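In the structure tokens that follow, a single protein chain appears in two forms: structure 1, then structure 2.
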Structure 1
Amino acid sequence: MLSSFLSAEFFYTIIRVSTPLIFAAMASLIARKGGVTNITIDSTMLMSALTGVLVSAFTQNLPLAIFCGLVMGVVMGIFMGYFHIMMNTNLILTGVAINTFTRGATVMILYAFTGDKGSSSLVKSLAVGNWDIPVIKDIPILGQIISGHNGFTYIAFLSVIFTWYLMYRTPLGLRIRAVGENSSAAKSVGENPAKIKLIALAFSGFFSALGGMYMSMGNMSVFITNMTGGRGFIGVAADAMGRGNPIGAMLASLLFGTANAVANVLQINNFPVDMVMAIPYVVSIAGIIIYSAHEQHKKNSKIKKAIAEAERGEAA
């Protein structure tokens, strides 16, 4: 079993299973920078995953399908923003309402179009293929790990860079950060905080959509009910652990992805499925607790050390 952990295949798996988490983390990051904790990322992923599958099945046009999936994501983001920001509804209640609604809606839509409530396997949908990276693919081990991934996976890593530049180098990013931290400051220079928040949520929906479509049109080419399995929420956790930094959020996503990959290996080796499935979630929670406990401890011991030093100085 140890050999499964040391193989190039295992690392390939980490990147593969981290892909939707990275998208979700970027979705969460942009919304949170704008001052909105977006808890509808998971259901947005689900809606876009379904939209992409159905459009591709019925039109056999992949670009169009992806486009429609993205539009669905953006619309979901703005939808959430419209209720929370324009109608002043409570963020959590709005989120829960949208999540509950999508859960039912996806099943209903799936049934209406395919006649099946469990998956879209009765219709033939399209998917984005795996891409080989020239030159790198021929390097032993490294090539096996980072080449040959799904197109969406490369987009996920590009989106980290994109998010970083968006947040820290563009006027829009500056405004999103300003609105999120002190919306009256933005208002006082004539900015419309509601507009900026809506834009941030549209981006959030956009990245959620990519994460969702990776699941149904990349990693697999079928939509399964509730196939996101809470990955959108893990993305929110990864973003929190990355402390609002896109690179940090990506690393946290990879950490959770590793837990996921470990679970996969254990499952193959006949560990109890239920327990194995819980691993990524337990790691998420433990990760956050350990991280903040560590920060607290670091601070306390720094204070203690400084006091001890002062006392030694006075005694001498």
Structure 2
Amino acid sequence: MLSSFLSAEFFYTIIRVSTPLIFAAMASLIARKGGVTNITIDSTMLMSALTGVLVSAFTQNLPLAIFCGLVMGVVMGIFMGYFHIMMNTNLILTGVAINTFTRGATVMILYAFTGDKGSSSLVKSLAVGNWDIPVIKDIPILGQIISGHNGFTYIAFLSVIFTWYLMYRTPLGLRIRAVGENSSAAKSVGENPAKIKLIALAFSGFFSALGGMYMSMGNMSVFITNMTGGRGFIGVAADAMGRGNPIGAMLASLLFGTANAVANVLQINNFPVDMVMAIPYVVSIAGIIIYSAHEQHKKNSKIKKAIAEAERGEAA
């Protein structure tokens, strides 16, 4: 078992299983920076995964399928924004309603087009292939870890750079952050908070769609009912642990991906399936608890410092 953990294949698996988490974390980060906690990332991933598979199956056109999957993601993001921002509905209730609707809708649509409620295996869909990196692929061990991943995986890591540049080096990113921090102040200088939040949610849907299509058109070439398995919510947790920093969110995603890879190794070595399947979610909960405790400790330290300074001022 130890050799399994120290193998190039294990580290390759970490990167592979972290891919949808990185996309979900970037989706959550952009939305949260805009002042909206997007809890529909998982359902958006699911809808885009199904859309990409069905379009590719019936058109046999991969670029068109990816485009349609991305459009579905953007539409899902704006759809949530319309109800929450424009219609002023409760954010949590809106998210729960969309998530509940999507889980049933994907089964209904899948059955309508394939005649199967469990998977799309009855139709032949297309998939994005694996990419070898020149030069690196020939380096022992390193090439086995980094090269040969699915195209979506490399896009995931590029999305981290894109998100950082968007948020901290572009006027649009500045507007998104300004609206998220204080929408009233942003409005007072001529910005339209509703418009900016919708744009942030559109970006969130875009990255969610990439994560969903990776699962049905990259890691696998078939759609399976509820195949996201809560990865969208784990991405939200990774964003929170990364403190709104794209690099931090990526590292948190890799941490959760490591938990998944460990679960895979344990499952191969005949550990109880129920215990193994719970590992990624237990790690997610533990990560959130540790993060929350750390943030609370920082908050308490600031309060104590402020009280101490006030007492010194009164004494003076």
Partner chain sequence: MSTAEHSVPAIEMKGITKIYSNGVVANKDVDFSVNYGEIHAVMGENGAGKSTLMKMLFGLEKMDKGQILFEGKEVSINSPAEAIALKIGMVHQEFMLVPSLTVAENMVLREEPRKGIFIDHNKAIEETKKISEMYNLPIDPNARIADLAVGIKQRVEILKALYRGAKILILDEPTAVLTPQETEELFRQLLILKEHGHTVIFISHKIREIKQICDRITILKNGRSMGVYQVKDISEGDISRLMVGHEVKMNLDKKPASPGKTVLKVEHLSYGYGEGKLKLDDVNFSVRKGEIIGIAGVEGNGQRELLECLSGLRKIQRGKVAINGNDVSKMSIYDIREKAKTAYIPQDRLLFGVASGATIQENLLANRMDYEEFSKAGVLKEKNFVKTAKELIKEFTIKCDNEKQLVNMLSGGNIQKVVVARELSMPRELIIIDQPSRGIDIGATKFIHQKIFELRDAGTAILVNSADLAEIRELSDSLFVMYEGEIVAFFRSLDGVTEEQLGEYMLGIKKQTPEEIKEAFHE
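Heads up, when I say rigid core I mean the largest set of C-alphas that superpose within 1.5 Å between the two forms. Being a predicted model, the structure only gives us computed values, none of them experimental. Here, residue number means position along structure 1's sequence, counting from 1.
Form predicted on its own, given as structure number: That would be structure 2, which is the form predicted on its own.
Exceeds or equals 2 Å, Cα of F58 between the two structures, core fit: Comparing the forms between the two structures, which are aligned on their rigid core, F58 does not shift its C-alpha by 2 Å or more.
Flag for Y291, CA shift 2 Å or larger between the two structures after aligning core: After core superposition, the C-alpha of Y291 moves 2 Å or more between the two structures.
N300 CA shift between the two structures in angstrom, with the core used for superposition: Rounded to one decimal, the shift is 7.2 Å.
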